[in-house]
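What follows is a single chain, given as structure tokens, in the form predicted on its own.
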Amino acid sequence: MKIRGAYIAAAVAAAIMIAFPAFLGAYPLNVARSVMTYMALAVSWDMLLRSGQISFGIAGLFGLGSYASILAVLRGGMDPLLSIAFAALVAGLVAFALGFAILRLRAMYFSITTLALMEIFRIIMHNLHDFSGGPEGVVLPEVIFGGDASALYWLCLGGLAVTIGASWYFERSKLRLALTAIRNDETSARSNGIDIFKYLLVAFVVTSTLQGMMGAIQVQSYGFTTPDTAFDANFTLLPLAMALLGGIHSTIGPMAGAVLLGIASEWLKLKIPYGHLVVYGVIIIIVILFMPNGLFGLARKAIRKAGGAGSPGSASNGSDAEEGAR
């Protein structure tokens, strides 16, 4: 019954999103694209978090995908749609190469390294004047699909669907069991035969690929990019705050947080354009201190108190996870 209800809710939500272009104008569709972009980044960030690794490099992979896509079109004459797949591949290959070095790190060392990589990518693009346009950035001669608002909406929705599909697979395959075991007790997971580096590398590469893909979709939708816009801290702080607010270690949690905070962010940018990042930081602190499981966790707790059977979700038993992942 619960599974059937979840599928019905998902079908209703999908139908509403599919119907949006028929009822909304260009500006609401632009806001919807922004929310979907941040939602995809929040979900992809949470996918790696399920292993216990906290990445602050979302904006780095997002910006890398942006530049890979726009430069493939401008310098290589690539088809705009094909450049999105190319950018996702570039982000995934870079993550694969970097993974052999940084996935040996844990806790704050991994987080700080991913943050540093974001800044390194930005500085490289900032200084390659002849190739990347330098600080002034680069501009496409034409926006993909001629700038049609409905077509751009469908493109972003497609990227979000791919991300949600990957997260859904992570939740229902043995990847979830392996990542949960690693998060719960890495030593115990290793002693039970789980190849920790392999699973961390898979999670890192997949999430980086998705983030690069969304960066490519973003730049093709707007037709320009600069180092400061492509590697904007918004693309790290806002998805992180969304995932924490909605509830981590799940797909539905970051999605719910993205809807709530995504709409609020549009209002905050208008009211406090130079201070909205502070609000995201405050939200992160409040959620960590008082709602560590987010709104989704509070909802599940309320259901259990009301007599409903709680879903094991991300609180899977470590030994069960280790057994299933082997």
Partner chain sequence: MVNKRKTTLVVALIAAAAVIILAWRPTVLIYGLQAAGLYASIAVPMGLILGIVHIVNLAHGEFLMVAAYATYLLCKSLGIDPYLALLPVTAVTAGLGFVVYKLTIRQTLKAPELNQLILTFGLGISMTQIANLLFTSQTRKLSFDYVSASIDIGELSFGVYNFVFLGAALLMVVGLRWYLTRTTAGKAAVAVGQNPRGAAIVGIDVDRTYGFVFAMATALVGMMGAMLITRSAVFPTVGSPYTMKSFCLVAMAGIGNIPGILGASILLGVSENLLKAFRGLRGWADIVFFVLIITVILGRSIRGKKA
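Everything numeric here is computed off the predicted structure, so don't read it as measured data. Numbering follows the first chain given and starts at 1.
There is another form of the same protein, the form predicted together with the partner chain; it is not shown, and what comes next is about it.
* For Phe56, is any heavy atom within 4.5 Å of the partner chain in the model of the complex, or not? -> Output for Phe56 is yes: heavy atoms within 4.5 Å of the partner chain.
* **Ser111: touches the partner chain in the model of the complex, heavy atom cutoff 4.5 angstroms** => Close contact exists here: in the model of the complex, Ser111 approaches the partner chain to within 4.5 Å, heavy atoms only.
* **Contact label in the model of the complex: Leu298 to the partner chain, heavy atom within 4.5 Å** => No - in the model of the complex, heavy atoms of Leu298 and the partner chain never come within 4.5 Å of each other.
* Contact of Leu237 with the partner chain in the model of the complex (heavy atom, 4.5 Å) -> Taking the distances in the model of the complex, the answer for Leu237 is yes, it comes within 4.5 Å of the partner chain.
* To do: Name the stretch, out of 73-81, 159-167, 199-207, 237-245, where some heavy atom lies within 4.5 Å of the partner chain in the model of the complex.
  => Among the listed stretches, the partner-contacting one is 237-245.
* With the partner chain left out of view, choose which of Asp185, Asp232, Glu171, Glu119 has a non-hydrogen atom within 4.5 angstroms of it in the model of the complex. => Of the candidates Asp185, Asp232, Glu171, Glu119, Glu119 is the one lying within 4.5 Å of the partner chain in the model of the complex.
* Kindly indicate whether Val278, Gly281 and Ile288 are, all three, within 4.5 angstroms of the partner chain in the model of the complex, using heavy atoms. => So, yes: the whole triplet contacts the partner chain.
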